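Only one chain comes next, encoded as structure tokens, the form predicted on its own.
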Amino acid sequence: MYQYDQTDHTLIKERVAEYRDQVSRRLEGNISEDNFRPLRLKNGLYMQLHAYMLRVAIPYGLMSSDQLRMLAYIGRKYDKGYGHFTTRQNLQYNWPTLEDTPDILENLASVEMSAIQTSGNVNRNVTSDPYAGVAPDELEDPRPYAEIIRQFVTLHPEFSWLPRKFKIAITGAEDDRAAINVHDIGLKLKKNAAGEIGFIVLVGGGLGRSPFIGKVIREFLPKDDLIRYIQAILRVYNMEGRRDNLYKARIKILVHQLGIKNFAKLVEDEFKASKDDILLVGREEEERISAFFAPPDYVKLPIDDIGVVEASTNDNAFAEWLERNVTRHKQAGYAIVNVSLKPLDGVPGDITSDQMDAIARLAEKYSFSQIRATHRQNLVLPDVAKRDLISVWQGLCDKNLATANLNRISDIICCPGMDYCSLATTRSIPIAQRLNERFKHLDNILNIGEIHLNISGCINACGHHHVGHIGILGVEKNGEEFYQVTLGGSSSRDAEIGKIIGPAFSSEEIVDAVEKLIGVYISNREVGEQYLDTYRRIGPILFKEALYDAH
């Protein structure tokens, strides 16, 4: 993984010292809250309903064991013993005090982490495929390019205050596990007819109040032009994006209003005009950055491990976990282990400090000391030898981290909602917990098959409800909480915005409504058909009838 150089260390150290002085002046009353607000937001500190929230950046979701241990330590010392992983591969602390936040940032800096650009109208955390570098369907590891982009956009003076926040995602795989279609810029590595590897570039994706799937602006971009082309997009957005209306300021609105052809022409003109800029990535820099992401020292192992095969035959719980949460690795004898942060009795994405320490130990012993965060609010141990799967499973079981529900109905994406967030209009967490209670029997979950259920507590869509196979959006009506249902969404390569199925349901009705939707699927599915396949084949009418005929 990327390691800070002296410039990085100096920058972070000076940033922490500057922020410590700002906090001191705020606590002494020498800075008003209005003047302090932009200063704290630049360091990832929000004010939520009950306390401050600090958002920590995890670039492209990659962490070392030492970094995860530090996150555990901070949660234990400065919070309530836990953290919350988000859909942007970040971690949030919900209860830090203002006076402790400089110490938290200093602790983060000691393990080469920060909260820079996790807030504000800037380029946010660059995200990527959590299986990057180990996925069998990958053309090339996207992490070096994610790091190059991160370095370019971090504290870039020209883009330090964009019309609105800006998000970039990149993947090198055929299966889109980075949700590039719903980002301001989405990048996918591809090979052209000449055998050269470059990028498909999408622009204008995003969720929230006005959801859009990104549109292709370049079918093939040479690697050397990556930064200069991103700069061209950002410059056009910076110049043309609206600043008079918060709800129409995102680049997706600009692309929609101009049309992709007109927007593309502006970008191409800017790109050509910047041809003399020294922004070529170049082979030397690409190789320097790529060296930080070299494969670990794999040992030669048999394709399958006899002990694992025997254990899965004799232990149903292990067999279910192996089938659901363990994924194929490109290296023979190794596997990708998905760590579920969705226990049936828990809060989606939450993880205790003790659990973080346990995962750090497992990663150190069994996965070359690396951990990944996913945009579905889970974690990944990317490089586990198959011979060690039993030990890893047992270690996860000890900490309630081995729920065999990856991509099942209880693997819910869920924002914090009105339990924490000052923007939310409804609660999300209690709905997720009640759904888990309804579908808590693992046999039922496995019988339902693959399904993405996403919940947002407001129109800002932090829970990605628009691209859930079943999406739930909380809406407030006359002081009461209601929940609108969308169907047919997807954030994968077949990305689609879900359609609103009808009027919203009350808090008491929403869990029954989801059960009815599952009933329609089970009654109409064909052999081997997953929920989304069935929905797309039969359409929304039967689902709508089940929800509203007796409503």
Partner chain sequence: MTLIKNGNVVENCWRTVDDNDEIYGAEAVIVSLNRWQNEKEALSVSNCSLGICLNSNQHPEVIASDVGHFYLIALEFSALADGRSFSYARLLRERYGFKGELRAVGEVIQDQLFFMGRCGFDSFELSEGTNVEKSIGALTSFSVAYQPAADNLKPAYQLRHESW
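Between two forms, the rigid core is defined as the largest C-alpha subset superposing within 1.5 Å. Every value quoted in this text rests on a predicted model; they were computed, and no experiment measured them. Numbering follows the first chain given and starts at 1.
Separately, the form predicted in complex with its partner chain exists; it is not shown, and the next lines address it.
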Could you tell me if D350 has a non-hydrogen atom within 4.5 Å of its partner chain in the model of the complex?
no
Under a 4.5 Å heavy atom criterion, is T534 part of the interface with its partner chain in the model of the complex?
no
Partner contact for D398 in the model of the complex: its partner chain, 4.5 angstroms, heavy atom:
no
Is D443 close enough to touch its partner chain in the model of the complex, meaning at least one heavy atom pair within 4.5 Å?
no
Exactly one of A332, V475, A319, A273 has a non-hydrogen atom within 4.5 Å of its partner chain in the model of the complex; which residue is it?
A273
Looking at R243, H256, K77, R434, which has any heavy atom no more than 4.5 Å from its partner chain in the model of the complex?
R243
Is every one of D305, D357 and Q530 in contact with its partner chain in the model of the complex, taking contact as a heavy atom within 4.5 Å?
no
If we take heavy atoms and a 4.5 Å cut-off, which stretch out of 235 to 243, 137 to 145, 218 to 226, 462 to 470 is in contact with its partner chain in the model of the complex?
235 to 243
What residues, if any, in 30 to 59 have a non-hydrogen atom within 4.5 angstroms of its partner chain in the model of the complex?
I31, N35, P38, L39
Does the C-alpha of D533 move 2 Å or more between this form and the one not shown once the rigid core is lined up?
no
